[in-house]
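As a starting point, one isolated chain is supplied in structure tokens, in the form predicted alone.
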Amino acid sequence: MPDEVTPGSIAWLRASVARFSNGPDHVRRRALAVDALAPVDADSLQHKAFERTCRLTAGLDVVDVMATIARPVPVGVLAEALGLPDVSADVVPVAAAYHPHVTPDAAAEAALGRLIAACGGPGERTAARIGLLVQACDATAGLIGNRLFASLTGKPAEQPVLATRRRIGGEDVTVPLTGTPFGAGPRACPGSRHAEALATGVLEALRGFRLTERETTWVAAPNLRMPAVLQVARSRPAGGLC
């Protein structure tokens, strides 16, 4: 780890996860993430994502899916499966500051400090668990938002993550993901089944909703195609599928 990286900082997280590593460091750190996911049952994730979405939408006639459901539900359910409390409120700001081109603010650094404490203190195993939660945040939210929008409009579902960033030879490199939403080869996402299960559970619970007249807006980022605001209204009485 470079001398200038402060232990427990966002820079420390980037320097400690598989995503921004190469060679033996990448192999070792990826194995930690794979091992953490190995006992997690995808069917259980789907069921719990369905249940949590039902609880969050109970009694609501209108829901902004991206703000209320698409991030907190997958992250909260996955955290529980990893033996952690619901840390979704802290994962969201850390995820927003995760990429090397982003300058983290004090709120993101403080959120990471709480995540490290919840995960057992600084170390590569903790970084791997936080990395899994961070990667599950926006990417799974994109799956949910794009697929829900497509199902409600009859349009094809778009791939949410169009490119990713990695660090190679000390340089930040953009890698296109067109046609391979979960990556491929030794860099393929180890949690693709888990992300699909979480998204499916959420979408099943939202089948009783329709788009409102509010315009769906989209994230303004060249590497992402996902809703920023996606508002839906209940089209059947509460207590239907849920």
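This one's a predicted model, so the numbers in the text were calculated from it and none came from an experiment. The numbering used is simple: start at 1 and walk along the sequence shown.
Omitted here: the form predicted in complex with a small molecule. The next part is about that form.
Enquirer: Would the small molecule in the predicted bound form be within 4.5 angstroms of a non-hydrogen atom of every residue among Ala79, Pro85 and Ala117?
Expert: Not one of the three qualifies.
Enquirer: Check Val202 for me: does it contact the small molecule in the predicted bound form (non-hydrogen atoms, 4.5 angstroms)?
Expert: No.
Enquirer: Is Arg19 close to the small molecule in the predicted bound form, meaning a heavy atom pair under 4.5 Å apart or at it?
Expert: Contact check for Arg19: yes, within 4.5 Å of the small molecule in the predicted bound form.
Enquirer: Verify the contact flag for Ala139: yes if a non-hydrogen atom of it lies within 4.5 Å of a non-hydrogen atom of the small molecule in the predicted bound form, no if not.
Expert: The answer is yes: Ala139 has a heavy atom within 4.5 Å of the small molecule.
Enquirer: State yes or no: in the predicted bound form, is some non-hydrogen atom of Ala195 no more than 4.5 angstroms from a non-hydrogen atom of the small molecule?
Expert: Ala195: yes, in contact with the small molecule in the predicted bound form.
Enquirer: So the small molecule isn't shown here. In the predicted bound form, which residue out of Leu37, Met66, Ala42, Leu56 has a non-hydrogen atom within 4.5 Å of it?
Expert: When the small molecule is considered in the predicted bound form, the option within 4.5 Å is Leu37.
Enquirer: Tell me, please, which stretch of 139-147, 118-126, 100-108, 86-94 lies within 4.5 angstroms of the small molecule in the predicted bound form when heavy atoms are compared?
Expert: This holds for exactly one stretch, 139-147.
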